[in-house]
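The chain below stands alone and is given in structure tokens; this is the form predicted on its own.
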């Protein structure tokens, strides 16, 4: 392990906005903050939005800058990557940002029913040969339903047309989810408002994909009846 990575891991231990739990602590067990993130971390009743597989937390931090009345939590298993997002949020004294270091397979241990209002999944590994590892597979969607509020929205932004089409098919086949939007190329869609976070917030990987000429796709779908779905973009 490189010295820089070791330094980041040590610094992570000092960050007040980064929460880490070992596999044993949360496997088939509830994390102590489950059901009380608003009260004990953010000190308010604002909606909670997750970014799953957040990497360096670029999207988490950017969305939090845009919406100070929303609480954002980035989730990833890579501590060296999370270090960047957590450090930036602390440097900017952002009180509506937190991060969790854990495997997303264990996400149910961290949140209580209806505790989360939205999820962003930005440029996940499309897992072309392992459907069950896709973050939009039925296996994972069922996990999210355990803590999403009625009408909660899930956003998927990806350069993988295969993952886009797969997720669309999965959602359309479910009775407990409703497809709200499917855009095969967000930058070809001139109907989007200029301040739409789908366009204005870009990760490092997204910029790389755009330089390679890859179209960026977007899906938005909700839990339950579409009449109750939250339509906010972020």
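None of the values given here were measured: they were computed from a predicted structure. Numbering follows the first chain given and starts at 1.
One more form of this protein should be noted, the form predicted in complex with a small molecule, which is absent from this view; the next part is about it.
In the model of the complex, the small molecule sits beyond 4.5 Å of every heavy atom of residue 187. Though the partner is left out of this view, residue 92 does not reach within 4.5 Å of the small molecule in the model of the complex, counting heavy atoms only. Interface membership of residue 67, defined by any non-hydrogen atom within 4.5 Å of the small molecule in the model of the complex, is ruled out. Of the heavy atoms in residue 183, none are within 4.5 Å of the small molecule in the model of the complex. Looking at the small molecule in the model of the complex, residues 108, 115 and 146 place no heavy atom within 4.5 Å of it. With the partner omitted here, the stretch from 199 to 207, 23 to 31, 37 to 45, 164 to 172 that lies within 4.5 Å of the small molecule by heavy atoms in the model of the complex is 199 to 207. Listed residues 104, 80, 119, 141 were compared with the small molecule in the model of the complex; 104 is the one with a heavy atom within 4.5 Å.
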